[in-house]
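Given next, in structure tokens, is a single chain: the form predicted on its own.
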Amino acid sequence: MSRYFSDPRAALRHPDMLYIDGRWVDPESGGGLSLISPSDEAVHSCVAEASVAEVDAAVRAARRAFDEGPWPLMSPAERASRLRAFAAALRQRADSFAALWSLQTGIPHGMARHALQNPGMIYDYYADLICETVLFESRQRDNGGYAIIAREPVGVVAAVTPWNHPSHLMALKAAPALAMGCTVIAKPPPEAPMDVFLLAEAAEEAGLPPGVFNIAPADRAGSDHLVRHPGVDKVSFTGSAATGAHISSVCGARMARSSMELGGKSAAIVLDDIDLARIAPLLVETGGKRMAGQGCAFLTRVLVSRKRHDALAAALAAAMATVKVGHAFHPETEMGPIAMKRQLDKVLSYIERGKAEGATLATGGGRPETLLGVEGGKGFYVAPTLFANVTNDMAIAREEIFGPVLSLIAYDDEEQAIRIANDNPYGLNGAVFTDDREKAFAIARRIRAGNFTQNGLEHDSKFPFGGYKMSGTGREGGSYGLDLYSEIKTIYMAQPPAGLA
């Protein structure tokens, strides 16, 4: 274990067991997931792995809890009370969530602590929202009878999340699903499974009924078995477009519900009225420095007018040169490593493709010469990288790299900038950098993306988030999050029941 990691509050109570049907159980196979720190390549932990048998057990428990248990029949206020207790238990583990995020994925610990000050926030939010949501609406028909529109829980939910932001992305699925009255099987990535063990501890502490929340830290085979399982009513997935397409087809074949939050190759359009020195550090932050570029919504294509291309390239390269790269737990680290070796290899392969395609490598492209707190050439590091003179047909401009690699593309006029921004198979996010709010709104309306920001990159879990095209289906966040876990039923009656009259 790293000399920078010694916080005992990150310890799990039951790392060698699985939480299924309200109990901690030993995995039948005795299998485990060994976890490697990307900061120094040390094996830091081993946790229980769910085999196909445990996946089946988790589905049975969730199915029974939904079909026979009290959870879906509780009043919204009753479920909200349990969710608030769940959120309180998560808040007590805030330091642990932050430490695990950094340990498993290499996120700088200062950033992790700031982002996870209140890991129960989304659960509290949905506890409040479900109490305000109209679940039954009575409407009089033309013939004098009544139709009651009922919003009901979709059923057993498989919540499948990636490794880059484990606890937050699980919250965006589990919180609205639980609030609606669904039961949940939390399937974390095998590279970063530890957060769901903390979630299970909180579920037990909060007194969620047996089977309402279960964990299945499985490998690819176990994951595929879960999404194919006939006992699962809904699959909510965040991850790559290729995996999302596979899961969508599997769910479609059996008419199971699914929602997908997938990849992105988002464009930031820089207009001529904005000061380049002012925005260059922000473009570096939102295009690669934050989470080492390992986020689907990051602004990895920067579009600038041809006459200002070279000036912005110089400003971006200068800003990248100041980024302090190092061990996740070094106090001065601003950007950590890539989360795993295979992802590092993928990033480096794209850098080679960029050079082969004729783009100009302005800075970066390999392992940084100076690394904070790293010894002996260990760790999965790549320097913040800028390609200039990129054209939109290059692979580095079209495909999601998931690393700190920024592509600078020149445009001749604003109409061409909009065409370039939209000429991509993804449509998750976008931005325009201008102080003209009227022009910013007009451009936002023309970009085919689910999210858009003037002068930055914003995300708020109380508002809808999702993408167009290959970036997915459905919207997480706010009341739209509840929609993903709802079925709509119409009940015809001569008169509505007294409570709905």
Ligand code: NAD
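All values reported here derive from a predicted model rather than from experimental measurement. Start at 1 with the first residue shown and count on from there.
There is another form of the same protein, the form predicted in complex with the named molecule; it is not shown, and what comes next is about it.
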item	value
In the predicted bound form, residue 239 touching the named molecule (heavy atom, 4.5 Å)	yes
Close approach of residue 289 to the named molecule in the predicted bound form, 4.5 Å, heavy atom	no
Interface membership of residue 72, the named molecule in the predicted bound form, 4.5 Å heavy atom rule	no
Partner contact for residue 337 in the predicted bound form: the named molecule, 4.5 angstroms, heavy atom	no
Listed residue that, although the named molecule is not shown, lies within 4.5 Å of it in the predicted bound form (heavy atoms), from 123, 402, 97, 381	402
Proximity to the named molecule in the predicted bound form, single hit among 410, 372, 420, 227 (heavy atom within 4.5 Å)	227
Partner-proximal stretch of 204-212, 127-135, 112-120, 240-248 relative to the named molecule in the predicted bound form, 4.5 angstroms, heavy atom	240-248
Candidate site 161, 164 and 223: all three near the named molecule in the predicted bound form by heavy atom within 4.5 Å	yes
Contact set, 105-126 vs the named molecule in the predicted bound form - heavy atom within 4.5 angstroms	none
